[in-house]
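For reference, the chain that follows is the form predicted on its own, supplied as structure tokens.
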Amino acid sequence: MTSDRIAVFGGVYSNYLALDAVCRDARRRGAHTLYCLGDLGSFGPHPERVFPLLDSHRVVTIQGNYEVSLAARRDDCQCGYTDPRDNRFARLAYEYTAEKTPEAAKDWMGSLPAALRKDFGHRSLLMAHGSPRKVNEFLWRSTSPAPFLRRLLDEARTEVLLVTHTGLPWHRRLPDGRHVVNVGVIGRPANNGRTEVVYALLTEGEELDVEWSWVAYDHRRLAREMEEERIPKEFVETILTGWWTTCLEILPAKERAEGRF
């Protein structure tokens, strides 16, 4: 059965090579609709190359904090970091992306929905970037206990919640049968020493099936293009090694301990 399968990913981060590879993988695996939960730009080169791919692969997209900021022509990504080092690298990534993103694309970002609801089989499903409450809220695995997730689902009036923003994928099935899934990002690795990127495949049935698909792409080519664009070497290192070198201070202790730095 393929008619009840969808693919959901977040954080393209201008990684157009991974975007193309993920979309092809999702179609090959029978996903009938592809969803992106925002943050089309950031660490990577040539943000303008993302938009034709979203169109050709018919990806349904909602706003992330990047789209909110770029559409409003703000000078900050509103990523939600609090540490000076995290903010310094966030500013470098945002300034490059803002300069290279066509004005027409920024206008288009302003037309995107902030969230998306749909019926998925007999379940209600809500997609948001950070959380249903805030576009830049970080929902980490280690700091999202079941009572908190139950309250989020109650307030959002949904049985399945899909988010991104943290960059790290996780899935929790609550005792009452509801689900919260952080679908991860495809713009950079998941801080696990692997260079592949990951997205979620959801298949409706008696039980909701959530599958992770790890996708290899030409990450060395992306790294070369980042170097040619004089993007910070720390961002390039992450693409080549699979380990995060920036935006580390926001990580909770447990997630930080799972990385190299």
Partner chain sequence: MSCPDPGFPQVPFLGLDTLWFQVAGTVCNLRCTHCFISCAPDNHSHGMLDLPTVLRALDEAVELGVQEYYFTGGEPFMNRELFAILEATLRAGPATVLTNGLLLDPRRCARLKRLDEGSEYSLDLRISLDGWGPEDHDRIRGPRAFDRAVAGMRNLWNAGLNPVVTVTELAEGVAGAEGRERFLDRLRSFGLTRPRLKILSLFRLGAEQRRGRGYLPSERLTSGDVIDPERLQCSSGRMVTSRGVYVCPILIDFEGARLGSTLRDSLRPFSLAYPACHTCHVQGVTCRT
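This structure is a prediction, so every number in the text was calculated from the model and none was measured. Numbering follows the first chain given and starts at 1.
The same protein also has a form predicted in complex with its partner chain, omitted here; what follows describes it.
Asker: Using a 4.5 Å heavy atom cut-off, indicate which stretch of 160 to 168, 131 to 139, 182 to 190, 95 to 103 touches its partner chain in the predicted bound form.
Answerer: Stretch 131 to 139 is the one.
Asker: Does each of 39, 47 and 49 have at least one heavy atom within 4.5 Å of its partner chain in the predicted bound form?
Answerer: Looking in the predicted bound form, the three residues 39, 47 and 49 all stay beyond 4.5 Å of its partner chain (heavy atoms).
Asker: When the contact criterion is heavy atoms within 4.5 Å, does residue 151 count as touching its partner chain in the predicted bound form?
Answerer: It does: once its partner chain is placed as it appears in the predicted bound form, residue 151 has a heavy atom within 4.5 Å of it.
Asker: Should residue 114 be counted as a contact of its partner chain in the predicted bound form, where contact means heavy atoms within 4.5 Å?
Answerer: Output for residue 114 is no: heavy atoms all beyond 4.5 Å of its partner chain.
Asker: Residue-level contact is defined here as any heavy atom of the residue lying within 4.5 Å of its partner chain in the predicted bound form; does residue 110 satisfy this criterion?
Answerer: The answer is no: residue 110 has no heavy atom within 4.5 Å of its partner chain.
Asker: Just checking whether residue 242 would be counted as a contact of its partner chain in the predicted bound form - the rule being heavy atoms within 4.5 angstroms.
Answerer: Flag for residue 242 set to no.
Asker: Pull the contact list for 223 to 255: residues with a heavy atom within 4.5 Å of its partner chain in the predicted bound form, in sequence order.
Answerer: Going through 223 to 255 in order - heavy atoms within 4.5 Å of its partner chain in the predicted bound form - the hits are 249, 251, 252, 253, 254, 255.
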